[in-house]
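Only one chain is given next, in structure tokens, and it is the form predicted alone.
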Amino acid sequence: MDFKLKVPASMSNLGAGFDTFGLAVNLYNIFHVKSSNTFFISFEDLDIKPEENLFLKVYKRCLEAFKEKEIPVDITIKTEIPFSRGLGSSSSAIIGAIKIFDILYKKGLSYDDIFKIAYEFEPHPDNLVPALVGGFNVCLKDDNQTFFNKLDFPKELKILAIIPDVKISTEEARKILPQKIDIKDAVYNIQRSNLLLSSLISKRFELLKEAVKDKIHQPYRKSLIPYYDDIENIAYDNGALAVFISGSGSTIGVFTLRNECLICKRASLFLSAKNIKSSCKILSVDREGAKICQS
């Protein structure tokens, strides 16, 4: 036995689509599974304690839920998705663990089976769904039932991830949000989330700047991201079509048709001048989701 499983990163929310929109992108956690004499999990590029290993927790939960004994395998994990940056690293680990369990034990798990376990560790489908099926998804969870619709995402749109070296936990980013919102703000978001969908479908890209505006989470979460407004202005001044917080941050997502290298360069130079390390990645949509690759 020798195979690899790739599970993509994801950008969620995309502005006004709070807890609803999820976009899989071509950054991956890669899980290399080989036959072994003992059960062993390691990271290629990280030192993570067993009690902090989310993949291990989910995998052991699968063993418990299905009353299976440990198969001796060696699993090496290569992480391309940075932790606590709003790019779905946790969802990638969760889906990776469940899919590998499914493959090893030949369970033939349905989407509902997968989500049932996944929700014990991550309650938000807007990251889990893209990690599992890839592409651009409209998602919702209701009484543990998951509904999602995978839509075409325009191939001509370039996707940038401006990633400051700042960790933001989902829990921290949730606490900062208001417990109640004004109905005007709810309507504001409903209008713009629908505008985003129609803009992408009809390729009216000039509408995207308005469509990613939001009053439910971004005005609060941007306070956790150093110089968010400045980065947003730099991106728009250099031709960006849309700028938004990816997930709970700190990654800043950008959609553009042009100047992707220039936007990355100027955002990185600005943050460097403020003594903030960062990286900028030019990405594309992963349209397949969790996928086996033979070694």
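The structure presented is a predicted model; accordingly, all values stated were derived computationally and were not measured. A residue's number is simply how far along the shown sequence it sits, counting from 1.
Separately, the form predicted in complex with a small molecule exists; it is not shown, and the next lines address it.
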| item | value |
| --- | --- |
| Stretch in contact in the predicted complex with the small molecule, which is absent here, among 265 to 273, 62 to 70, 225 to 233, 242 to 250 (heavy atoms within 4.5 Å) | 242 to 250 |
| Single option in Thr79, Thr146, Thr170, Asn189 placed near the small molecule in the predicted complex, where near means a heavy atom within 4.5 Å | Thr170 |
| 4.5 Å heavy atom contact with the small molecule in the predicted complex for all of Asp126, Arg174 and Arg221 | yes |
